[in-house]
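What follows is one chain in structure tokens, specifically the form predicted on its own.
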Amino acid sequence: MNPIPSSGERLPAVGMGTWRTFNVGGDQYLTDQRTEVLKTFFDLGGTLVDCSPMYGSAAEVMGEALDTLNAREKLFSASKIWTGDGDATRQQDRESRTKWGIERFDLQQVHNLVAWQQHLATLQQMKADGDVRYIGITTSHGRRHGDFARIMETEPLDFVQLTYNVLDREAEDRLLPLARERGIAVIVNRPFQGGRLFRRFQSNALPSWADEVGCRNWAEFFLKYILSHPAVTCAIPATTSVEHMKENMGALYGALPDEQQRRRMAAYVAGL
């Protein structure tokens, strides 16, 4: 469990993303399957689920899954504002809440800095009014890190969300140190590069010393590299598989690598 710096509230270090994976509205079989994935996530101690209006039917599917499981009390809900209309912040928040079936989001974020000045100002007022608990901004694929850092330096943020994994480590240079300096929680998206890390490396054996860093499979190896960075609060891998969810949640347990071991992990992957 890692603390949110602005409040001290603690979150499990592995959350769940929904990009692509929960965009299955209209297909009851796939919706039921995703509900089992969500049940496994909650059963193994997860709480933070992240979504966005950009993700097609994912919010509706999440709402149906939460209805089926009657599990909203287990949820730390995180969504995003994704519209170029800077006056539509509250409307989009309301639409997303309706789809999820919740009264307010725990976390609302400006997605990829779209119309961020207007949306962030409204989110700050919504937080002051008690209409959302935490606010933040997001980026992905390494985009706009300069703009992102300037906002982190000047705006009161509870969370930032960014891309970081054992190969994409640009965030180590500026954004992660800045988050620690400013007391901002960090959610990591694309921890597996959208699945590409598995496609690239899963045919290779784990290093002989993997047990020294508490890793029994590649999912734990990739996630523990991320979670061992002192600035990271939570990673949000996405999956359609119950078995893969179990592997992801395994990263919550056992040892985390120290700085020397992290360098060894990055070097091992780079050498494959």
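In case it trips you up, residue 1 is the first one in the sequence shown, and so on. The structure displayed is predicted, hence computed values, not measured ones.
One more form of this protein, predicted in complex with a small molecule, exists but is not displayed; see below.
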Answer among 59-67, 206-214, 243-251, 39-47 for heavy atoms within 4.5 Å of the small molecule in the model of the complex: the stretch 243-251
Is the small molecule in the model of the complex near all of Trp19, Thr139 and Gln161, within 4.5 Å of a heavy atom of each?
-> yes
Taking the shortest heavy atom distance, is Arg190 within 4.5 Å of the small molecule in the model of the complex?
-> yes
Is there any non-hydrogen atom of Thr122 lying within 4.5 Å of the small molecule in the model of the complex?
-> no
May I ask you to state whether Gln118 is within 4.5 Å of the small molecule in the model of the complex, using heavy atom distances?
-> no
Answer yes if any heavy atom of Cys234 is within 4.5 Å of a heavy atom of the small molecule in the model of the complex; otherwise answer no.
-> no
